[in-house]
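Before any questions on binding or motion, here is one chain by itself as structure tokens, the form predicted on its own.
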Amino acid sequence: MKTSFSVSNAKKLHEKIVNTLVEEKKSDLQEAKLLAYYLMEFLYEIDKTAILLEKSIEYDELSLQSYLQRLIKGEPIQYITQKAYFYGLELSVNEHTLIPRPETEELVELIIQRIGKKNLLRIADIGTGSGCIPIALAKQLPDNQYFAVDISPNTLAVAKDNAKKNDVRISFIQQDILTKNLLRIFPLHIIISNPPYICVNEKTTMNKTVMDYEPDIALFVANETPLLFYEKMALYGLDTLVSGGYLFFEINQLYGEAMRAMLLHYNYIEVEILKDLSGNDRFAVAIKP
């Protein structure tokens, strides 16, 4: 039988969670406070304001400890709550999808800046994951037609749910972009992708939380072919993009110059390798002549 324990106020429970995370997870204080706010909102439907106002709250100690142990072991709070925030939107995530990153928000902002007020464009996001990129674009630039492609039916189910929750219209397509029979969506004005771009030999440098919980299929590419997905999409773009159409890629910071060379090899023009806010090569932009 579930046993609940009353505490005098939510602020004390928040402080208890923070102290546990600092002591056992070795979180810094700011991270621990944020995690505690997210966890309490998820478990008790109580927001930060109510916590600071010391509202009364009742909780089950065993249940709370089970969630805390998941955090202490390194499971991302987004997978525990099955919720992530991206470009001001709330998205569902689970073990089939990557957690959207701030760098990808920068990619969305870059695209919006370049598109300006153009509309009636046909835009494809290849390897869509949670659908974060086309959903964010569709909220900001609704007068375009969006396509989202992914290999995984489980991932597409999450993306479709996110589009519905955020009230945007996107056409979803299950397809392996590396197969020769890549479904042709023609014509296109823009191709976007944040595909797997981390080489297997980089695993030793990665955060253990990412390695243990996020899907390998969305992260890694063979050491021998670091630009595998990009080259496929560049060729696809030659077939499907209108003249003057754009490629927008999020890239591995180690391969910026290799990316530039590849796109120039395929005769794309105005090729740019742009840095993220951390100063790393992170985005490639190119135009089909």
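Note that residue numbering follows the sequence shown and begins at 1. Note that the structure is a prediction, hence the values are computed from the model and not measured.
Another form exists, predicted together with a small molecule; not displayed. Remarks below refer to it.
Looking at residue 130, you'd find every heavy atom of it more than 4.5 angstroms from the small molecule in the predicted bound form. Residue contact with the small molecule in the predicted bound form: residue 194 places a heavy atom within 4.5 Å of it. Using a 4.5 angstroms threshold between heavy atoms, residue 210 counts as touching the small molecule in the predicted bound form. Heavy atoms of residue 163 never reach within 4.5 Å of the small molecule in the predicted bound form, leaving it off the interface. Using a 4.5 Å cut-off to the small molecule in the predicted bound form, not one of 16, 36 and 72 places a heavy atom inside that distance. Looking at 114 to 122, 140 to 148, 166 to 174, 196 to 204, the stretch with residues near the small molecule in the predicted bound form, meaning non-hydrogen atoms within 4.5 angstroms, turns out to be 196 to 204. With the partner omitted here, the residue from 110, 188, 156, 98 that has a non-hydrogen atom within 4.5 angstroms of the small molecule in the predicted bound form is 98.
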